[in-house]
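Below, in structure tokens: the form predicted alone, a single chain.
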């Protein structure tokens, strides 16, 4: 597996960025470390001359950036997603440091696309956005002053990714294909519909329980065939005579 393939399987996703300058600086940070796939989820202002100015020689990354309305769209095709958190969360996601996250992601990127997701400058990722992630990562900054600019955080993460890839210890392992983001989201939709039909969740407030369920499956890192199996069970649980392969 060439290092170029691993670099090409990594995307950086910025959610609802409020300042265009941070987008430009993030693009510059990415290019200096050899990364090129930038996704922007509902940026407040883009494109913008200030973003281009701060990108310096990385304006090409801005030109090729994919802009989406939702995080789920930005994660299309991804088999693994890591959310960056500036603080510890009262969530059941596994939380590791940026260096460990780079290693985890690069192992998967030898075969399938992965994404690192960054939240807004002021509040970071929302709980709903974190629910699209399988893992959380932190940059272990000074506990007395943890504030880190968005582009600086992107730079640190991209550096860790580059050093991990260049270390050359990422030979592709024999592993089953992980389910893509859209396959996982399809499963969650199917699961919620089934739980509503059997009366397990409150139809007036289904999201509360679904958040907890999503975090259980996020830890499992579902494979493609496992999602097919689970959806088959869901189908038969409400319609025993119907058997559908997904």
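Numbering follows the first chain given and starts at 1. Just so it is clear, the model here is predicted, and its values are computed rather than measured.
Another form, the form predicted in complex with a further copy of the same chain, is not on view; read the next lines as being about it.
A.B. asks: Among 203 to 211, 216 to 224, 64 to 72, 31 to 39, which stretch has residues with heavy atoms no more than 4.5 Å from a further copy of the same chain in the model of the complex?
C.D. replies: Contact-bearing stretch, as computed: 31 to 39.
A.B. asks: Report the residue, out of 120, 85, 112, 155, that has at least one non-hydrogen atom within 4.5 angstroms of a further copy of the same chain in the model of the complex.
C.D. replies: By the 4.5 Å heavy-atom cutoff, the listed residue in contact is 155.
A.B. asks: Even though the partner isn't displayed, in the model of the complex is residue 51 close enough to a further copy of the same chain, meaning a heavy atom within 4.5 Å?
C.D. replies: It does not: once a further copy of the same chain is placed as it appears in the model of the complex, residue 51 has no heavy atom within 4.5 Å of it.
A.B. asks: Any chance residue 93 has a heavy atom within 4.5 Å of a further copy of the same chain in the model of the complex?
C.D. replies: The answer is no: residue 93 has no heavy atom within 4.5 Å of a further copy of the same chain.
A.B. asks: I'd like to check something about residue 55: if you look in the model of the complex, is any of its heavy atoms closer than or equal to 4.5 Å to a heavy atom of a further copy of the same chain?
C.D. replies: The answer is yes: residue 55 has a heavy atom within 4.5 Å of a further copy of the same chain.
A.B. asks: So, in the model of the complex, is residue 140 in contact with a further copy of the same chain at a 4.5 angstroms heavy atom limit?
C.D. replies: Heavy-atom contact with a further copy of the same chain at 4.5 Å: present for residue 140.
A.B. asks: Listed by sequence position, which residues of 94 to 124 have a non-hydrogen atom within 4.5 angstroms of a further copy of the same chain in the model of the complex?
C.D. replies: Residues within 4.5 Å: 97, 98, 99.
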